[in-house]
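Just the one chain here, laid out as structure tokens, in the form predicted on its own.
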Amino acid sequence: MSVVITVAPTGPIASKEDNPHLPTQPVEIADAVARAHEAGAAVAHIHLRDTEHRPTADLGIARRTMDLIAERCPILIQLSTGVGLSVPFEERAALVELRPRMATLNPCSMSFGGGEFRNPPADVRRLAARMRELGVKPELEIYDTGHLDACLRLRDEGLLDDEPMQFSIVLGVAGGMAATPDNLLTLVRRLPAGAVWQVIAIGRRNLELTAIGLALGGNARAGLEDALYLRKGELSPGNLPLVERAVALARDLDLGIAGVEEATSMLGLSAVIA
């Protein structure tokens, strides 16, 4: 059995003040992704920053980042339409027009730390329909139990394909589910048959819950978006050590590491979009 390793190099929240190794500019992100790919990552989950290091949905920055990654390695690109709490939904949704192989689809609005993550139901439905038209695979990010039900309603309305649905179970965001094994098990038990999934545990429970997720049959995500520290008191010197740790966890469980071709099949991705 093989697992898909995703690298999440940047995210929308952390800054270089939090960890100076955080990549924020297109070249930095592309270099970090290429190193992660060499270590075993088959998917890159991409957040974008402007020249002031702020979250952005600028299509020019997105296109340049995608092109630079493609020049360096054949990793599968998954653009985040979450972007950042201050970026309007319409700008975030426009990123799918670049036709990445995958993009996030967040089904519900929620409190997110000290802010609000806005995903109005009608807008989510329109985005889901547009992603289906473009052949962009949704990565369904669920931060609470009701978010899964919202995704299943989208499926039942014909806005999501069922073969296979792709979920990320996000734990540890203030406003969502706490990062506990019980919460992970609750969601895993309720996933539809045939779904592919990974756990995204934010902060200090990242390693523990990544290991539990792998043992339960999930995939894994690693990177500075999710954990700035390699261990207590030790900032990670980049994304690579975090990816290497996830790969080592999988191998210690006698799991294979999916390459890009195998990951493409496992995730149910369509043919390459011209």
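These numbers come from a predicted model, not from an experiment. In case it trips you up, residue 1 is the first one in the sequence shown, and so on.
Form predicted together with a small molecule: not shown, discussed below.
- The candidate stretches are 94-102, 180-188, 140-148, 154-162, and the one lying within 4.5 Å of the small molecule in the predicted complex by heavy atoms is 140-148.
- Contact annotation: of the candidates L76, L127, V136, V170, the single residue with a non-hydrogen atom within 4.5 angstroms of the small molecule in the predicted complex is V170.
- Residue contact with the small molecule in the predicted complex: P12 places a heavy atom within 4.5 Å of it.
- Mapping the unseen interface onto this chain, F117 counts among the residues with a heavy atom inside 4.5 Å of the small molecule in the predicted complex.
- In the predicted complex, none of the heavy atoms of V87 sits within 4.5 Å of a heavy atom of the small molecule.
- The small molecule in the predicted complex comes within 4.5 Å of no heavy atom belonging to W197.
- Taken together, A32, Y229 and R245 are entirely out of contact with the small molecule in the predicted complex: none brings a heavy atom within 4.5 Å.
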